[in-house]
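One chain follows as structure tokens, the form predicted on its own.
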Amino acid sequence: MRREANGNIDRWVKSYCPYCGVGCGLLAGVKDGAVVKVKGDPDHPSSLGDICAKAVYLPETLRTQDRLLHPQMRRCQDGPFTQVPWETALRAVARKFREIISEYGPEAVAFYGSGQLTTEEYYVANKLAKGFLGTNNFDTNSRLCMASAVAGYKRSLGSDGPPASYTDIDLADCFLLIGTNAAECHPVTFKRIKQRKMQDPERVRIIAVDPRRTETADFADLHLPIRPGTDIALLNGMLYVLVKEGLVDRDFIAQHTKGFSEFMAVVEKYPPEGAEKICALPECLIVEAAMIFGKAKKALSFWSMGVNQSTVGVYKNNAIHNLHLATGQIGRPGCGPFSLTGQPNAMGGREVGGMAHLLPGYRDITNSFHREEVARFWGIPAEGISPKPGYSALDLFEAVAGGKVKALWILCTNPAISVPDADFIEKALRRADLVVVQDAYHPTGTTQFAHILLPAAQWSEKEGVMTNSERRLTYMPEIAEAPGEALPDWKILTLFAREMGFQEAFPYESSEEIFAELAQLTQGTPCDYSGVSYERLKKEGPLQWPCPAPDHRGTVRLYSDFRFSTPDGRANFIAVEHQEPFEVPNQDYPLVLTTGRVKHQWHTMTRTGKVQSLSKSSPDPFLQMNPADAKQHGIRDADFVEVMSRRGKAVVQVRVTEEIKPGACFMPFHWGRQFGFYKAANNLTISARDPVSRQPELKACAVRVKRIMDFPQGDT
């Protein structure tokens, strides 16, 4: 902390950004007990003092008129809310949970959380659900963004966790950016990539793979505008070229991997001329991309939702890993496959078991030894943890709709807007006997379906730890007092656990106690941070796991000894084939819709939508459409159009542009129905999902687009 010289700020406090997985360090300026200004922390190793506009405007999101200040209850979802004391609200939830568990069993209750929870909050929720309520039905919105990356790392390398770090950006001479518009979605990381390029513009090369010509693609040396959903064909085609040109590392393959022969039998099916037909991409571009990657001394790959949000998202991750394993571009400085996390603590959630198939320390629910370890630590019988994985995100909402799950507790997320097929999600929420929503704001798209509202503290109003995309743990202090009766999420969950009769197992009076317990439970696991403590994080700053001892300085990159987390220490080549998206275009629905973010908004705009300065560049959703498609459908730039899928429709203004590939169109997803019923992209999207990761295919669905002759007034 330090005092501002001009007297406008009483003190500056180090903190952590609550938006994307870059994990930028912040300096929060405090005046009269309130956060009034935010700037970058130059000491934070992940961001080096840089931040994006969203973080700059954080103070404007803290004291808004829609802050949820007190617990509220109502008898039915269409009735009025009544303010009640905390004791009354928690007692009512506990009573209903007991009734449902008694009549239908523990699998009839569920929790749906968020990658914006702190690690401590994640841990308390998981311990409560999986260890004491007896249900593994705890999943999160991270299932919508990172599940395929998790499964891909485990299949290829033996364990979850990005091998590389941001410091590798400063060393790499090749960047493969595939399925990511990093310039808009992870701007601080992309700025570092740009700086690396400008340091050595002739030698450093950037490849961008995206159906759209985005700001990211515009800066790249080579843009590959592939047909949506054809990433595997492209990557296999690149590998075909690398093998034929002798640009694979045969020694690395022989000593540190397995499955190469079986893998090559599949790659042989993807010569560049064949990949060209699948990807709708000139063969010469595929060859050029392969040669850039193959000749690089140090190659980094970055990807995010364009890869993960697919019915073959895990296979797409495996295809990226195959590229690195074949060239030996992993475990060394400047190299590696690096998934860009969508949320500030999606990594922390994975570490604590914050998905329906996991337990803390990257342990698996289905592994009896793992269950015994955790049960022993929690002081419960081994059989106290069910061996059956809980419902993953979309499966969970299907279970609610089908009456299998009666009570759903939603924490720090807005699924009524963020989950695909909005009609179905709303119907599911209306079927539940009890919906508890724990949030900092009301109303939101989801709180309108709640029976009970619980006011939560948010960024700057609670302390805790979060882990960013490079496995770096950052301490986030409580800087200001939460408004009204809002409490930290961990405190709410602890009070509820005590109301359920689990006082001895939930004695916590501080988040530091919770972190110390969790850190001990990670000991000996791939994500070991038993050597990390609040004291160390406050004194030394952020640390990267594994960090297994108090004198350990943290781990910059994984697999530097080329020994992987598999039983035999060898990485796995996974033979993967191209598959079309679940829903392909036809005569009735001739275009593929892909969805994504815009630079100055975040998720469902619960925070950023309140900041007028951030909304200026994109005040409303829009549709990008190629001129050839627009001409065919009689559509001109700035027309209002009706976008229809098999599930619903949206009404938006069209931007006719060469920046989107013919046959595809793009719409941002931030707007939910409360902004206008037909502004929601998730009216259109499909709930099809990857069979391994259960991540939905938010990046591809079939639509048709029709010009609206007279723009309708009112609910649009």
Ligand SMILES: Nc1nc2c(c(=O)[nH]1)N[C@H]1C(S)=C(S)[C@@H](COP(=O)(O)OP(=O)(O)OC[C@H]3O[C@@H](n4cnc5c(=O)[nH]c(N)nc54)[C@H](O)[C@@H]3O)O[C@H]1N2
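One-based numbering along the sequence shown. Since we're looking at a predicted model, the values are computed, not measured.
There is another form of this protein, the form predicted together with the named molecule, and it is not shown here; the text below is about that form.
4.5 angstroms heavy atom contact with the named molecule in the predicted bound form for Arg363: Flag for Arg363 set to no.
Are any of the heavy atoms in Thr257 no more than 4.5 Å from a heavy atom of the named molecule in the predicted bound form? Close contact is absent here: in the predicted bound form, Thr257 is far from the named molecule, nothing within 4.5 Å, heavy atoms only.
Contact label in the predicted bound form: Lys699 to the named molecule, heavy atom within 4.5 Å: Contact with the named molecule, yes.
At the 4.5 Å heavy atom threshold, is Lys599 in contact with the named molecule in the predicted bound form? Answer yes; at least one heavy atom of Lys599 falls within 4.5 Å of the named molecule in the predicted bound form.
Quick one: from Ser165, Thr604, Thr522, Thr119, grab the residue that has a heavy atom within 4.5 Å of the named molecule in the predicted bound form. The option sitting close enough to the partner is Thr604.
Only one of Arg212, His578, Arg350, His321 comes within 4.5 Å of the named molecule in the predicted bound form by heavy atoms, so just point that one out. By the 4.5 Å heavy-atom cutoff, the listed residue in contact is Arg212.
Mind telling me which stretch in 102-110, 583-591, 370-378, 177-185 gets its heavy atoms within 4.5 Å of the named molecule in the predicted bound form? Residues of 177-185 come within 4.5 Å of the partner.
Hey, which residues along 436-457 are within 4.5 angstroms of the named molecule in the predicted bound form, non-hydrogen atoms only? Gln438, Asp439, Ala440, Tyr441, Thr444, Ala456, Ala457 sit within 4.5 Å of the partner.
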